[in-house]
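Next up: a single chain in structure tokens, the form predicted on its own.
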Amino acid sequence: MQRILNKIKQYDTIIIHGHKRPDGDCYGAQFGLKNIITSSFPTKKVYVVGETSEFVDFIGKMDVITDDTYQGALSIVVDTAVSDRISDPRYALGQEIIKIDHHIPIDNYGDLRWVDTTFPSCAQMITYFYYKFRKELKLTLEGANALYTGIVTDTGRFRFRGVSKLTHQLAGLLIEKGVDVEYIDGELSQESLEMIALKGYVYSNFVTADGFVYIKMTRDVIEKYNVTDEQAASMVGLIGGIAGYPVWALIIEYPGEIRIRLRSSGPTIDKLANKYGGGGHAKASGCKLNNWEELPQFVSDIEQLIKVYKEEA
């Protein structure tokens, strides 16, 4: 962390990247870090770039910059385990690259890396970074709102594994900065009629296998219910927690890509996600299929994983 702070002090221009199809934690970490740097070092030029997220766009708006902005700049990538998932490949144009992430490391990109899987969210890592150097760093309400949103979304509102005493202490620190917990919860809880209808589709069409439950979200379904890809992907939590089914997944068809959002309340799943071109956490990972014909084999692999888990339990 000290080396990261030294690099931030060294550069006049800093560009903060996240991952493709960003979630609340990605946005929270990006905009929270930007606020810390701009509040602490007002003369520095700091930009947040990458794909947008309607779900958490109340946190901040992405910057649009030209390639020459990267000349002599520091690139910081947050919440992104592998380089091919980084939103906007221009991060590589930076003079140096820093990686800050809480996922199980797969791709050791970057000149300087801070990766710690004990943190349940990257936004908590950024908050901890501020806390460790609070005598020389500043954080305003705007940044506190971003970081709190990141922590809340990636911990399932403090329900997921990995939430610790430190998580609550740092959330309390942000609340002391003026975070309006009710406002953020309200922003995150709003749903459209289209989303309610899509929930009905998910509950009516999920598929069960041996210990595994999943839902296919094809392009025609997404278009029929008139929701964004981000909204469709958020449905993964609906089929979690079903008794007798410790692993669940949402398999979503993006333009030119089939992605899997894989979750578990039992067996460790990140190694299987690695096999299918992904990774993440032990109980929450992402991966992909090259085509729908691979789905039966994926289901079979999950069933085998669950079988071994039950035998060893």
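The first residue of the shown sequence is 1; numbering continues from there. On a predicted model such as this, the values are computed, not experimentally measured, just so you know.
The protein also exists as the form predicted together with ligand AMP; that form is not presented, and the subsequent description refers to it.
- When ligand AMP is considered in the model of the complex, only one residue from 227, 82, 115, 188 comes within 4.5 Å through any heavy atom, namely 82.
- At a distance threshold of 4.5 angstroms between non-hydrogen atoms, residue 103 is in contact with ligand AMP in the model of the complex.
- For the chain shown alone, residue 37 is not a contact residue for ligand AMP in the model of the complex, no non-hydrogen atom being within 4.5 angstroms.
- Although the partner is absent here, residue 284 lies within 4.5 Å of ligand AMP in the model of the complex, judged by heavy atoms.
- At the 4.5 Å threshold, heavy atoms of residue 266 stay clear of ligand AMP in the model of the complex, well away from it.
- Partner proximity in the model of the complex, defined as non-hydrogen atoms within 4.5 angstroms of ligand AMP, places exactly one of 241-249, 66-74, 27-35, 272-280 at the interface: 272-280.
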